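Same protein, same chain, two forms; see structure 1 and structure 2 below, as structure tokens.
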Structure 1
Amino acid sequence: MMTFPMHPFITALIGGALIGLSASLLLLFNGRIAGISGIAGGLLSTPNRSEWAWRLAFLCGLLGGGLLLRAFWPHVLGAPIVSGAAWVVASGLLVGFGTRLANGCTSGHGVCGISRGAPRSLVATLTFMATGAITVFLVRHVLGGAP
């Protein structure tokens, strides 16, 4: 295992650059927007085999990258967040509901939509961020969660 000191700002910068690069490459070579919820949703709903293949490859690459980081450089992922299964399930359901409500997720609106100058993506991303800040405040200070 390789370990090397790196400031959290640098790891976040590298992660953001890789997300932008992957979104750009998908748009350049496949003509598709890298909205993860749309890619995953299309995987479940499309009968077209070629559509299914690129969606599956993209999601496998996304998960595989995380697993590789976990295996070889776990320190760049930061401390694990400890929470109960009920919180994880409730959070996942709320994210799914919000994604359907906003017609896209943070990756689709925040990375791809804003970079394309879409006003609705700017509104959606600002809404996501405000909702996230309110949720963190409520969980930490009202419900007594982790400090």
Structure 2
Amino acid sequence: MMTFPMHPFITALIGGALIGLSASLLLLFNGRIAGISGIAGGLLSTPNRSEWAWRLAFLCGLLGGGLLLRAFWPHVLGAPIVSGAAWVVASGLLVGFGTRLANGCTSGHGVCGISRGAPRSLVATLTFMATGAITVFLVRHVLGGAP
């Protein structure tokens, strides 16, 4: 198993830069916003064929990157914190429904929207970080562990 030879902060910065580069490529060539919830959600809601192609290609690229990670740095891939199936389903539903209702997730609002200077995205990012932190607080420090 290979580990990254650098301080985690540096690795994180490089990882972030790759995400920024990816978002820039998609905007420059396709004119699209690299919001994962929007790209994946669009596959479920759009009947348009050309809309399908690039979305599906993006997701295939995403999985291709995942395979490279699995081959070279498997330690970076984990599993959901909650272990009970009901909790996994509940958290998945919250993430899917919530990101579509808010029109974006960590990438669409947190990276693309804030990069553009959109107040809406800054508000969304602060909101999901706040409710995320409250949830972790309740799970870790009130319930005393993941359900």
Partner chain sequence: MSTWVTAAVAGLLFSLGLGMGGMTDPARVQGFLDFTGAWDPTLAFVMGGALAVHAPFSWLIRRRSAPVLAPAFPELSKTRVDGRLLLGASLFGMGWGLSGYCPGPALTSLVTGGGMVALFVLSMLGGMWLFDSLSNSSGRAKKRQTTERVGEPTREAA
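Just so we're on the same page, rigid core means the largest C-alpha set that superposes within 1.5 Å between forms. The structure displayed is predicted, hence computed values, not measured ones. All residue numbers here refer to structure 1's sequence, counted from 1.
- Remark: the form predicted in complex with its partner chain is the source of structure 2; structure 1 originates elsewhere.
- Positional change of V88 between the two structures reaches 2 Å or more at the C-alpha, relative to the superposed core.
- Once the core of the two forms is superposed, the Cα of V76 has moved 4.5 Å between the two structures.
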